[in-house]
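To begin, one chain is listed below as structure tokens, in the form predicted on its own.
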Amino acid sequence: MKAALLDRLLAAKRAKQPLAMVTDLGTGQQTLVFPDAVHGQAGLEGALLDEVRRRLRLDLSGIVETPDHRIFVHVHNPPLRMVVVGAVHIAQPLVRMAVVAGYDVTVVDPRAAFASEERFPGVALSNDWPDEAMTALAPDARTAVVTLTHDPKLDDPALIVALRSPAFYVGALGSRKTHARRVERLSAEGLTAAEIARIHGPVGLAIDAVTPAEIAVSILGQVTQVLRRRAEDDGP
């Protein structure tokens, strides 16, 4: 790899920019493909460039072959993150499943007895107030936020920050009645109808989940659905 290309790659990774390193397996030429730019030698264009960017959105490295090209696409995306607000019983299976699915997970709960190493071993914990924690974590376009406390004093501050961030998913636990009251409160706080409409509430896919583990499955399933459908919808 040329030094200039390596420098650009490392700078992009430090800045947490999504990109793909594309290597032409015939010529050895390499190109960096960003969502909105291309830097390098391989001369990617048209349908081939579209396919590289599709793979970038889907986190899908691998070989791509056409009649004229055989390339290897190595995706270098920032990590997927999940912020779980509320160290409640549902959070425990959700966190374990999310880690297996490839998410860097942070559990936020000012109640230290809930957000403890004993209950969430090996997981990043924050005992800050949810709005402070969310501001520090700075959700980006590869972040999912799930609020689970059922307590407006904890959920609402986190939701206000999340809904004004680029987070690709925002979900909140609660019944339809609970969500209706939540909408009223958030409207009173000055959030727009479009911002509030981003909330998946009640959270999770409608699979008739009952147990904490089943609810966690429904939540992670919905997060995955939103992530992947957004990736396809953002395509050319």
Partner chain sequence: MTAASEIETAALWRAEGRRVAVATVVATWGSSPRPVGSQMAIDGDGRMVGSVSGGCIEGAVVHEAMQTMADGEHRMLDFGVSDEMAWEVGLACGGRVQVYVEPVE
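If you're wondering where the values come from, they're calculated on a predicted model, not measured in any experiment. Numbering follows the first chain given and starts at 1. Think of the rigid core as the biggest set of C-alphas that the two forms share within 1.5 Å after superposition.
Although it is not shown, the form predicted together with its partner chain is what the next lines describe.
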request  = Tell me, out of A193, A180, V210, I63, which residue has a non-hydrogen atom within 4.5 angstroms of its partner chain in the predicted bound form.
outcome  = I63
request  = Tell me, yes or no, whether Q222 is in contact with its partner chain in the predicted bound form, where a contact means a heavy atom of each within 4.5 Å.
outcome  = no
query = Quick one: does T31 come within 4.5 Å of its partner chain in the predicted bound form, counting heavy atoms only?
reply = no
ask   = With a 4.5 Å heavy atom cut-off, would you call V226 a contact of its partner chain in the predicted bound form?
value = no
key: P166, heavy atom within 4.5 angstroms of its partner chain in the predicted bound form   = no
message = At 4.5 Å between heavy atoms, only one of the stretches 72 to 80, 129 to 137, 148 to 156, 107 to 115 reaches its partner chain in the predicted bound form; which one is it?
response = 72 to 80
ask   = When the two forms are laid on each other by their rigid core, does E184 show a Cα shift of 2 Å or more between this form and the one not shown?
value = no
ask   = Would you say M21 moves its Cα by 2 Å or more between this form and the one not shown, aligning on the core?
value = yes
task = Just say closer or farther for the C-alpha distance from A101 to A11 in the predicted bound form, relative to the shown form; it changes by 3 Å or more.
result = closer
request  = Work out the direction of the Cα-Cα change for A101 and R55 in the predicted bound form: closer or farther than in this form? It's 3 angstroms or more.
outcome  = farther
